[in-house]
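Below, in structure tokens: the form predicted alone, a single chain.
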Amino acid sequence: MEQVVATIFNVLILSSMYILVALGFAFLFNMLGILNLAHGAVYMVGGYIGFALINSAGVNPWVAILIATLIMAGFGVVLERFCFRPFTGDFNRIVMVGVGINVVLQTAVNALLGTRMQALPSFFDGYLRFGVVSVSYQRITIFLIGAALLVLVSWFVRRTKHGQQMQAISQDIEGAALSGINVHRVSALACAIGSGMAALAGCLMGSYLMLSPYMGDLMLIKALVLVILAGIGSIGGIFVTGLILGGLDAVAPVIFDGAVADAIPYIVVVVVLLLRPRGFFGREA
């Protein structure tokens, strides 16, 4: 029973973190066709900023996470304005810019902090016990933060003026511009929100698992898989595909060993895309 409960929490935590990162990636991809291959590095750097603030500056962990989120949100604005906006419509150059930024950020972290695995301190110590089952407060906290943020982002996209503008741009960018929407301002906001969410997820996962300069590469692959599985143009579909991929990643290691468990989620993804190339809810990638 304890293993079942632990697996359920692993599913919920991984799903919420995957969705947080993938939503930020999808904002720009769906809106402007910008394939931000630096998004995984933003996730990684956010985690390391939180780590540095806590361990080197002695900042309270909650304050450190907030500062890391705000710093990377600001970085997202700079990224959109100076790295993506000049090349809007030029897919190849945007891809190369993303690759270059990814390499620069990884190299900088590697040179400053080395390749040794690091971990953020636990936000809460102790376990919640009921019967023979116990769950760490750390896992419960991470899940609750992730779930609350997903609800907040969903509300923002569906209910606010800027969120509706994002949806309009993702459906028809030229029509949105002709209707008076400032596409550049909305895309900068989307990049800021996406980068901030990625940084926050990096801090939370740095506490749940570990930090490394290359942790963003795997998360970038997860984000790509979620966006393509959901279907290009679908924001809401990412919530469903995030639960699916998080469930596969959490359950597969319980059933299978080693590399087989790592391969199972991607085998399922390939089969789904062969049967439904446009993904579950959107248009074909």
Partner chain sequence: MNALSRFAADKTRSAGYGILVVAVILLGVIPLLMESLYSLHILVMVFFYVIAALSLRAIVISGQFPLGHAAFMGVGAYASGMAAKWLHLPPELTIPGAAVFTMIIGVMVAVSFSRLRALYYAMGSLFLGVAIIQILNAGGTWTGGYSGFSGITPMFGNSKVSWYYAALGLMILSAAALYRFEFSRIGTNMKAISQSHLVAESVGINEAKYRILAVAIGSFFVGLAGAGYAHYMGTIATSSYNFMATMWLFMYVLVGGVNNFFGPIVGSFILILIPEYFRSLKTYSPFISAGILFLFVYLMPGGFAGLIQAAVARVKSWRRERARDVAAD
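Small disclaimer: the values here were computed from a predicted structure and weren't measured. Residue numbers count along the first chain shown, from 1.
Note that the form predicted together with its partner chain isn't included here; everything after this is about it.
Among residues of the shown chain, G100 is one whose heavy atoms approach its partner chain to within 4.5 Å in the model of the complex. At the 4.5 Å threshold, heavy atoms of A259 reach its partner chain in the model of the complex. Contact annotation for I232: at least one heavy atom lies within 4.5 Å of its partner chain in the model of the complex. Interface residue remark: R93 is counted as part of the site for its partner chain in the model of the complex, having a heavy atom within 4.5 Å. Per the 4.5 Å heavy atom criterion, its partner chain in the model of the complex is contacted by stretch 102 to 110, the sole one of 102 to 110, 191 to 199, 67 to 75, 144 to 152.
The contact with its partner chain in the model of the complex, taken as any heavy atom within 4.5 Å, belongs to L37 out of I244, I49, L37, M31. Scanning L224, A252, V59, V240 against its partner chain in the model of the complex with a 4.5 Å heavy atom cut-off leaves one residue, L224.
Site residues F82, F87 and L273 are all in contact with its partner chain in the model of the complex, judged by any heavy atom within 4.5 Å.
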